[in-house]
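Here's a solo chain for you in structure tokens, the form predicted alone.
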Amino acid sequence: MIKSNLRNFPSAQKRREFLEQELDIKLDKISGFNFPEEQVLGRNIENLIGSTQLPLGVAGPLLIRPGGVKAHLRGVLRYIPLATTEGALVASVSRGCKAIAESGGAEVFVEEVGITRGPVFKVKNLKGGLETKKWIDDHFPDIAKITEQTSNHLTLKKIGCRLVGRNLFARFYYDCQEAMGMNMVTIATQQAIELIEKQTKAKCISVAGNFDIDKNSAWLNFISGRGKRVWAEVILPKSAVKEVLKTTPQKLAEIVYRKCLLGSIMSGSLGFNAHFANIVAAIFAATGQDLAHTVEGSLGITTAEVLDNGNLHFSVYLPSLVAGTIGGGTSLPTQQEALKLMKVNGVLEYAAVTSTAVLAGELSLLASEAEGSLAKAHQQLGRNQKLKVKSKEVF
């Protein structure tokens, strides 16, 4: 029998005391948190009992050239907050940052694709589905108007429809300015659904019909993009590859081809990279993003080519980076400090710094594998805490 409803307790302390008594345990460490209960209850979490902590490290400095982001990024060194329990990750990203800085910096391009919501409608037949699709296409301005009335920070960019059997899927793309915006677009799309149902014979079965595609790994997000689409590249002189990364351009290019491309094909992976998710998850945890969007952030391609002069062109492509710099967990105290540490002015710069951190992480890990030092690095930095090994000795 359930003795008590956790929602009925007036505070985190009372709820925690009940659990301690009920389970005969102590929750002393969980009890500490540095945010007001009223700030998070009903907004970020339910049944609050405390907080959990992750070690927070900083990688860098990272140098980004202007490229496709705002010019005031020129010459500014960035530091990357990484919340993780994986030993060697921060040291590895820092080594990649050093290689990038000594090569003149990375160039980054960011494109606003839009956050998506993808309802599914039940239609009478194929003809009815095509007629509904045509109505949506012909009345885009009317749909945009009604969705944009729900928020001053939201713009409907486009709608893409697909029909299969008696099911019409509609993928709405929104620009939510600095917010990630999933709650905003759900509310806006619901208003669009009511208009579509009123004007057609279609019946919405779900506001989220997995055509979004939200917090799932899918080719649609890979091909069409979601959130921000980001490219980052660096040209590394042979000397930087040798002195910082302890390998050669040829070995790095070969391991990218055989591991990231062929290995991913053989395994049916949607991520043609070494470990995008590692860096994305650590930055997301530090800065208050929705951690489930690491799924989309894991998609992407790493490429490497040896140029005619022997230098190395190295790049990453992230087609679906879903993040924001306001709203959600970004407003919590420690997450706010982590965002300030990154010195980003808005979500486009956040995407630029995150993708360049991914570039650094890919460079260092793949170089370690090419050199054959990956196991040694994790043994010394990730396992044996008694060995006081400087990161430069391994990475």
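Residue numbers run from 1 along the displayed sequence. Computed from a predicted model, the values in this text were never measured in an experiment.
What comes next is about the form predicted together with a further copy of the same chain, which does not appear here.
* Asked: Pick from 320, 116, 147, 273: which has a non-hydrogen atom within 4.5 Å of a further copy of the same chain in the predicted bound form?
  -> Contact with a further copy of the same chain in the predicted bound form is made by 273 alone.
* Of the residues 201, 215, 157, 246, which one places a heavy atom within 4.5 Å of a further copy of the same chain in the predicted bound form? -> Exactly one listed residue reaches within 4.5 Å, namely 215.
* Asked: Can you check whether residue 135 is within 4.5 Å of a further copy of the same chain in the predicted bound form, heavy atom basis?
  -> Because no heavy atom of residue 135 falls inside 4.5 Å of a further copy of the same chain in the predicted bound form, the answer is no.
* **Exercise: residue 325 in contact with a further copy of the same chain in the predicted bound form, heavy atom 4.5 Å** => Residue 325: no, not in contact with a further copy of the same chain in the predicted bound form.
* **Any non-hydrogen atom of residue 344 within 4.5 angstroms of a further copy of the same chain in the predicted bound form** => Heavy-atom contact with a further copy of the same chain at 4.5 Å: absent for residue 344.
* Asked: So, in the predicted bound form, is residue 309 in contact with a further copy of the same chain at a 4.5 angstroms heavy atom limit?
  -> Heavy-atom contact with a further copy of the same chain at 4.5 Å: absent for residue 309.
* **Sequence-ordered residues of 120-141 touching a further copy of the same chain in the predicted bound form, heavy atom within 4.5 Å** => Stretch hits, in order: 120, 122, 124, 125, 126, 127, 130.
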